[in-house]
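The form predicted alone is given below as one chain in structure tokens.
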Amino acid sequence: MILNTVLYLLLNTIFVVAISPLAMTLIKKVKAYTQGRVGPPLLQGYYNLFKLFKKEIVYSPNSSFIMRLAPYLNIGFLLAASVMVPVVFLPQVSGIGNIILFLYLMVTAKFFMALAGLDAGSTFGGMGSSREMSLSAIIEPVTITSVAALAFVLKSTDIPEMFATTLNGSLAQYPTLILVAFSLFIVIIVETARVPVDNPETHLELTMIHEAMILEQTGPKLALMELSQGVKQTILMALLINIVWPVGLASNAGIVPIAVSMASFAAKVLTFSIVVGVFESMMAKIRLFRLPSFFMLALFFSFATIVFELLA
């Protein structure tokens, strides 16, 4: 049991970190194809991180220890959250993936990123942190409602148990999961700073949110921030993917099932990246004051799920 748990912790964390840069590049590649461009090489995300890790760290003279610690705290909380979302196989130990604790870890990581954005005292950093916290105040209740709907349908707050339920059942047994999937998709778009909420590929004052918060980070600290964003995107994608499409997820720690599980997850990430890339290409950036209308869609799907479950 202990060996199984240690193996799970190591493999799951390493695989999530390893595939995160690829997942981020895949979306850029799909967006480029939809716009008639070639796009970056598939390994560009790894090249960028390698280049940043070799660069010198430069701090603003106005920054404090918060700026120096925030990248480590941010990646640390997100790696802890990644342990709760099985990607390579389902652990035999129970109670390892409480979804409420998962949300707390995600919010804490975001808090330290926003704090680092404010710490240097720059205009852009403060603007990005202010916008991020304003959006968080609106999207957090939506996220909690979506998660509550998910737990309501699957009768559990433990993420591995949720995955085991859908793996041993089928989507036909839980049709309301489709509504929850729409809700979670919107939450992923917001939390990972994608179009139409944010645009991670721009540095324009009118559109920056996430990029403004990390504008003062340099070298390896910026690499950690970029990697933590990739990890966050991967574990949120894994949560949605393994809820609605758990095919291939290993239920034990055998070598062949784990290899199949990793390959199937990579294929599912590719599919999800195509969906996100096409979705972003079809959308324009929404004005900030109109974003609550977009968030309300997720809230509607979550409430509809709970109502349908109560009436069933």
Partner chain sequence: MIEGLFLGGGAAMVLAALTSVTGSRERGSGRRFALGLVMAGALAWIAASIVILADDSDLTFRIYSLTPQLGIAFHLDRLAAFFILIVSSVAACVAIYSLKYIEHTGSQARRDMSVAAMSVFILSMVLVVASANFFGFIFFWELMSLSSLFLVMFDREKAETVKAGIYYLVMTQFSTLFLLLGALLLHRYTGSFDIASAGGLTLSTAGIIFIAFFIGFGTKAGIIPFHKWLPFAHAAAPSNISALMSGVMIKVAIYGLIRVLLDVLSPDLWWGTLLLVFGTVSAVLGVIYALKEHDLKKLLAFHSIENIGIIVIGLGLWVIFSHYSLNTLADLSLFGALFHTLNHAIFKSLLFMTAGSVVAATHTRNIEEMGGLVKTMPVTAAIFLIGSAAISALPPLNGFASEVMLFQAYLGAFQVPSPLTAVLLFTALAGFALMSALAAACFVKAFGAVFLALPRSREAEHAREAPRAMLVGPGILAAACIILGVFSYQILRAIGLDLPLPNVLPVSLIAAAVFWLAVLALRRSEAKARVSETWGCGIHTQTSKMEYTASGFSEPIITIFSPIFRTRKTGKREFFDKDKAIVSGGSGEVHTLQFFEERIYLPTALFVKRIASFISRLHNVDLDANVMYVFAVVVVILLAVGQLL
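Not measured: the values here are computed from a predicted model. Residue numbers count along the first chain shown, from 1.
One more form of this protein exists, namely the form predicted in complex with the partner chain; it is left out here, but the text below deals with it.
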The listed residue (207, 92, 108, 165) that reaches within 4.5 Å of the partner chain in the predicted complex by any heavy atom is 108
Hey, in the predicted complex, is residue 285 touching the partner chain, heavy atoms inside 4.5 Å? no
Is it the case that residue 196, even though its partner is missing from this view, gets within 4.5 Å of the partner chain in the predicted complex, heavy atoms only? no
Is residue 63 close to the partner chain in the predicted complex, meaning a heavy atom pair under 4.5 Å apart or at it? yes
Residue 9: heavy atom within 4.5 Å of the partner chain in the predicted complex? yes
So which of 233-241, 168-176, 127-135, 182-190 is the stretch with heavy atoms within 4.5 Å of the partner chain in the predicted complex? 127-135
Could you list the residues in 45-72 that come within 4.5 Å of the partner chain in the predicted complex, counting only heavy atoms and keeping sequence order? 53, 56, 57, 58, 59, 60, 61, 62, 63, 64, 65, 66, 68, 69, 72
